[in-house]
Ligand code: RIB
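Below, in C-alpha cells: the form predicted on its own, a single chain.
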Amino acid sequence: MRKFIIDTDTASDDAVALVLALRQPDIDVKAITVVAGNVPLAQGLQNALYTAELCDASVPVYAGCAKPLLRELETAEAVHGEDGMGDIGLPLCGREPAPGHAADVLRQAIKSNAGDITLVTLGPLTNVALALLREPELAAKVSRCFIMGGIGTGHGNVTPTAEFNIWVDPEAAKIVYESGLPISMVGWDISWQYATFDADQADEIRRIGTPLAEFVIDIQKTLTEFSMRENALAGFDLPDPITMAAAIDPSVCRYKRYRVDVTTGEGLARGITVVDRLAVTGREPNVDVAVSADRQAFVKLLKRSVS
C-alpha cells in the first residue's frame, strides 16, 4: 500500500481528485488536511467530508489555516459556486472534522511514515509552509510532493502570469519551494492542455451511470460556465485531478528539472512561478516541472475510479 497525505482547498475539481485517490485499492490515504483557498475553510471542510463519505472512505479530515500566512484570504466562489461544488444543492453541512490542526497532523503523519509518504497539495500551500516552518527537517522525510500550482509555461488564470493556488499565498509557496521538498509541479498549463472536457467528453463519463460518475461531472456546473466564459476553454478543466493522477500513475506526466522561484510582490509581481528553463541564474534546479501529459492515461484512470 502506498501512503498519501492530501492537502486541499476542496472545491469541485479537488473533489474529483479526492475521488481518484480514495478509490485506488493500493493507496492508503492517511489524512486529508484542508486549507482556505477556493472557498473559506469551513466550506472546504464540509466539501471534503462529503466527498469522503460518498466514497465510503473512513479517512480523517482535519481543519487547517483559515487565511494565508501574511495576507487576507481571496476566494474563488465565482469559479466553483458559492458552495464550491457547483451550487447543485448537495447537503454540504453538519459534518465534523477530526480534532487537531492540519499543520500538526502533517508533521506527525510525515514523521510516522518517514521516507514512505507521498504528499499531494491541491490548494494554497499555507498548511504545508506552516508545518515546515515549525519543523524544517520534514522536507527530507517526504518521498515525493506533487503540487498543483504555478505555471510551467504560458499564461496564468488569475493574473497573466500567476496561477490561483500560488497567487493566494505566495509567501507560503516560496517557503515550500525553497524547503528542499522533492517537488513535482503540475501547473495550470498541463490542465487546460490535457484535462479539459467539452460537453460530449463530460457526458461520456456521466453515462458510466454510477453515483460517483454523476457526481464528478454535475459538480462542475459553475466551473464549466466560468471556464468557457473567462478562460476560453471548450468546457471545464480539472487541474487537481490530473495532478492526483500524476501522483497515482507516474506515466501520466513527463517532467523536466528546473530551478523554480516564487515572487511575493504585489499586482503583476504576485505569485509567479519563475521557471529558469535556460539555467540563466546558474542556481541548482529544485523542481521537476511537468511539461506534458498523457490525456488517455488520465481519462482511463478517471473512468476506472468512478466505475
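We number the residues from 1 along the sequence you see. A quick note: this is a predicted structure, and the numbers were derived from the prediction, not measured.
Omitted here: the form predicted in complex with ligand RIB. The next part is about that form.
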{"query": "Interface segment, criterion being heavy atoms within 4.5 Å of ligand RIB in the model of the complex, picked from 127-135, 162-170, 95-103, 175-183", "finding": "162-170"}
{"query": "Contact residue in the model of the complex, chosen from Thr75, Asn157, Asn113, Thr224 - any heavy atom within 4.5 Å of ligand RIB", "finding": "Asn157"}
{"query": "Non-hydrogen atom within 4.5 angstroms of ligand RIB in the model of the complex for each of Phe4, Thr33 and Val142", "finding": "no"}
{"query": "Phe215, heavy atom within 4.5 angstroms of ligand RIB in the model of the complex", "finding": "no"}
{"query": "Ile190: touches ligand RIB in the model of the complex, heavy atom cutoff 4.5 angstroms", "finding": "no"}
{"query": "Any non-hydrogen atom of Pro239 within 4.5 angstroms of ligand RIB in the model of the complex", "finding": "yes"}
{"query": "Met85 within 4.5 Å of ligand RIB in the model of the complex, heavy atoms", "finding": "no"}
{"query": "Residues from 1-27 in contact with ligand RIB (non-hydrogen atom within 4.5 Å) in the model of the complex", "finding": "Asp9, Asp13, Asp14"}
